[in-house]
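One chain follows as structure tokens, the form predicted on its own.
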Amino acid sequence: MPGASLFGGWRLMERTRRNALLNLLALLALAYALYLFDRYGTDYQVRILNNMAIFITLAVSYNLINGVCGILHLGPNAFVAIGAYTSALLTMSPMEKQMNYIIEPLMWPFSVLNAPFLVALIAGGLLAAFFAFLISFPVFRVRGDYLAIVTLGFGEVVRVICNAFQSVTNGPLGLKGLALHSNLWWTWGVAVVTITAVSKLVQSSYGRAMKAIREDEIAARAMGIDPFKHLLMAFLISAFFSGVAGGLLAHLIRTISPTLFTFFLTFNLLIMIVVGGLGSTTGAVIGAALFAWGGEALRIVEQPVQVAGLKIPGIPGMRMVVFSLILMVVIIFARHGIMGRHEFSWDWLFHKVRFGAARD
């Protein structure tokens, strides 16, 4: 049936071109929306969008190792901290460093190093990936709860070092007065690159091997898949983008300290990927977007309210209680999250539209 085969190949080629065109139009629409917010939006709206983009980068990269590979990794806060401190130290001028390090001077060569923002972001990601490579050998010798404990311990070790190593991190005082480099174009540009890179990886043969390891590592090994090589690849890529996101976060809030990189950050990322759907890049994006927007929308529960003449004082931290309740509801009634392990595609969207039109 050469004719049918040729026709099928032509249809596949046309579908690929159509999807590529739609992806380009979606990017242009995103760029236009960012332009409008950048020019006409309030500082509050721009800050939410920046937070959303950084959370998307963190959630997508974190989901690669936790959702796609099925490894319970509890130390992303360490890589975010490494990227944040590295990029901050590289972008600060020598005068700014002298003003920050008032108890103990910054050690050489960090005291004289200076680099553009892009170089600092890449350096932060590479250093985070380097530390991921160093700990990968003991980490991937264990599985399950033991692996989670090892990565959790690494995250705490990095936080303690940031708190104690004053000649590099300035200890509990942290770093203040960082330049405001992170804007909508930087944060969303990195988010788009992260989504594209992770999606391409998941759809490749390496991604299929990672999923095979997640489902049954012994069977995957019997099929000739090297679990360590594929898990290491995912671990390094996840750490790199986490480090880059840490640099963006540092230059958005302009003040960093060890208290910013506790397990609480990892807990937030877990909420995002579990609510969105473990193993789904689309779900990670949705979960991060809902978390960034919902975190601001739920500020009302921390404000004092008056009901029937009775004044109820605001309770700090109530937002996280609500988030925890939402997580419990999702686990009980939608155990696979919003997307499960499904991904958004234009073919899926057109199928839904045609199916809905046919039912009407």
Partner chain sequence: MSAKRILGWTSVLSILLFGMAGICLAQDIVKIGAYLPMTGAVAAYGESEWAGIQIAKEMEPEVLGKKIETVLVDTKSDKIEAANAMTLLVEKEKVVGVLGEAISGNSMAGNPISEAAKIPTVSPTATNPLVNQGKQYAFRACFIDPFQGEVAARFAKNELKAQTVAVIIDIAQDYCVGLANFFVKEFVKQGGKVLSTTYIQTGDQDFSAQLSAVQAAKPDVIYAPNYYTEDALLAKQARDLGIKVPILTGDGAQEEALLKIGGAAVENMYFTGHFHKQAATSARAKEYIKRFEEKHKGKEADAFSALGADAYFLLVDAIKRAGSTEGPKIREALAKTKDFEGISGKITMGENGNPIKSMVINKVEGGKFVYVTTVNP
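We call the rigid core whatever largest set of C-alpha positions still superposes within 1.5 Å between the two forms. Residue numbers count along the first chain shown, from 1. What you see is a predicted model; the values in this text were computed from it and never measured.
Another form exists, predicted together with its partner chain; not displayed. Remarks below refer to it.
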property: Heavy atom distance at most 4.5 Å to its partner chain in the predicted complex, all of 55, 257 and 299; result: yes
property: One residue of 112, 103, 222, 134 in contact with its partner chain, assessed in the predicted complex (non-hydrogen atom, 4.5 angstroms); result: 103
property: Residue (of 212, 173, 148, 168) lying close to its partner chain in the predicted complex, criterion heavy atoms within 4.5 Å; result: 173
property: Exercise: residue 338 in contact with its partner chain in the predicted complex, heavy atom 4.5 Å; result: yes
property: In the predicted complex, residue 35 touching its partner chain (heavy atom, 4.5 Å); result: no
property: Partner contact for residue 320 in the predicted complex: its partner chain, 4.5 angstroms, heavy atom; result: yes
property: Non-hydrogen atom contact residue 199 with its partner chain in the predicted complex at 4.5 angstroms; result: no
property: Interface segment, criterion being heavy atoms within 4.5 Å of its partner chain in the predicted complex, picked from 119 to 127, 190 to 198, 258 to 266, 229 to 237; result: 258 to 266
property: Core-superposed comparison between the shown form and the other one, residue 323 Cα displacement 2 Å or beyond; result: yes
